[in-house]
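There is one chain below, alone, in structure tokens, taken in the form predicted alone.
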């Protein structure tokens, strides 16, 4: 089918044709024939790179240009949401019937807002969690949505992300029964079951634009699924290094998947040493420039320095701990062929468009605290394997698992390469997960009776797969908990939210988290120290994953506990009576210590050295702590703890910025983080007035302060920067650079 034959607005078709897209792939044709552009609900299950996203784009354009509709695009990850936002931007030049151009918006953070400004956009990209938050806040523009696109819907099977996606889809169908659903997925075993739940047509295909060869590497040989083999013999000892070396020598690029962030970084370092001699001098110069660009983007940290180091040798790592700016630089460099080997955590496999000639699955096992190592699902492997082969560049893409023995090779071939993907099952009916969604159903006025709550959850995927009665008992226990903790109240047959319950739901925290915070603020308000607040949030279920103490740290943590024993939110468990509770407490104490050290301006290097916490994990902890302290501030306001408000307000900023109290006025300035704020303070510039009065030239001379930043800061504090002062500073900088060049 030709693009020009589509029943679509001519301006939309022209954008595609101008980009060189003139003919649809077979899966795309199947979706069109199934009624995607006619408003029918659709589940499109096909391999990676088979063109699923284009169907979503075509349906979106149909709604915006011809039906005066609004589109909501759901993504499981922020990185994927950003990618889809950029993909839709290519249509922003198209004019609608009212003369206005198509507007695309994105919202992935701040769960305590209805984002009313998003209503002005025609296409809105969000994460599943943000969409859930918007529904809880009853964002008015949600009722205008006529099309919902749900990406990576096979994540319904994920215990952490799946329930939120399931509830969001059920809720959107409740809000607007006439809404069109376009659901995108990898090939799954029970795709028809998902389609029946959504009252959709299922389109399933195994077609790929690039042939996929799957194999297992053992003893210098790859044995492929089709019976073929490939001999790889080079000086490297490690199997992954052998494959990386082979790929670069043959002119290709590889994605190497590692099980953890830490492993992805260490693997990148090993590969960089192995392949650096293969990088040409012109490419080396290009990579050096990219390395310098990485160091100049965002704050200079241990992780940015490690990334810059490996990038200079043609290698990079990619995981959720990287800042958005660094991720973008790496993704673009990989697409442009500058980065030869990219190591990544499995999250990259879920949607981010970075195909490679070769995919190396370095480890098929994952570590789960309390359970040890366990094999990944076939679906997860297939997602990674699907990244092999670049459309328009490769005829074949290779996905290779690593085996250590012949027995393991046979196991991998049978259990992954020759295996079908698993059925997906709803993970909703767990009380810890369900209670938050039960509260949201009541607090957001989607149901006002117990029966109304049952009726909503009877429309979920869980109820479809099992039976509505199967979830009823879990709902009743959740209602009992919410009633006992005064989050809901009963009047006759009416079930209504209390102010506490409604605020907990809006804050997007687990009801148990709300209870822990409420009780702490109520019972210990007069005794709360910084450590108390930090330990309070460390105890909540929303502080996940928990931090575990290593055996080498036990003594140090014990000393910390002894020094602050009166500040913790509970008594120290007896290690002889309950070892698990004791270790959990030590993990909470360690987390409080880590956050306290961060607020006391401990350097990132010292944090890594002292606490064995990786930069990406540290920033995730900081982000979660900020969110929970904000929730604590809001609940303190609700319950009238006026004496705590100022302290909590300062704690929120101190956690976000990682500073001592005296730097709080300075870190409010744009471009001034903890390092620059400390430099200002130590040089006598302790207040906004001090900065306002200091001469521009003097400010420029401080470390980490260039002329442009100094001028920007002066203007921000309300100081007048005279033209002659600015010219003098610029001339001084130019003279200094010229002298350094001549030297």
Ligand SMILES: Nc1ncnc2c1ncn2[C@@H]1O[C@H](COP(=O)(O)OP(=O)(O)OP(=O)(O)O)[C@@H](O)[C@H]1O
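Only a predicted model underlies this, so the values are computations on that prediction, with no experimental measurement involved. Residue numbers count along the first chain shown, from 1.
As for the form predicted in complex with the named molecule, it is not shown, yet the points below apply to it.
Taking a 4.5 Å heavy atom cutoff to the named molecule in the predicted bound form, the contact residue among 84, 130, 435, 539 is 84. None of 41, 53, 700, 683 but one reaches within 4.5 angstroms of the named molecule in the predicted bound form through a heavy atom, and that residue is 53. By the criterion of a heavy atom within 4.5 Å, residue 707 is excluded from the residues contacting the named molecule in the predicted bound form. Contact check for residue 21: a heavy atom falls within 4.5 Å of the named molecule in the predicted bound form.
By the criterion of a heavy atom within 4.5 Å, residue 476 is excluded from the residues contacting the named molecule in the predicted bound form. Proximity of residue 116 to the named molecule in the predicted bound form: non-hydrogen atoms within 4.5 Å are absent; the residue sits far from the partner. Segments offered: 389-397, 457-465, 600-608, 547-555. Contacting the named molecule in the predicted bound form at heavy atom distances within 4.5 Å is 389-397. For the partner-free chain shown, just 152 of 144-168 comes within 4.5 angstroms of the named molecule in the predicted bound form, judged by any non-hydrogen atom.
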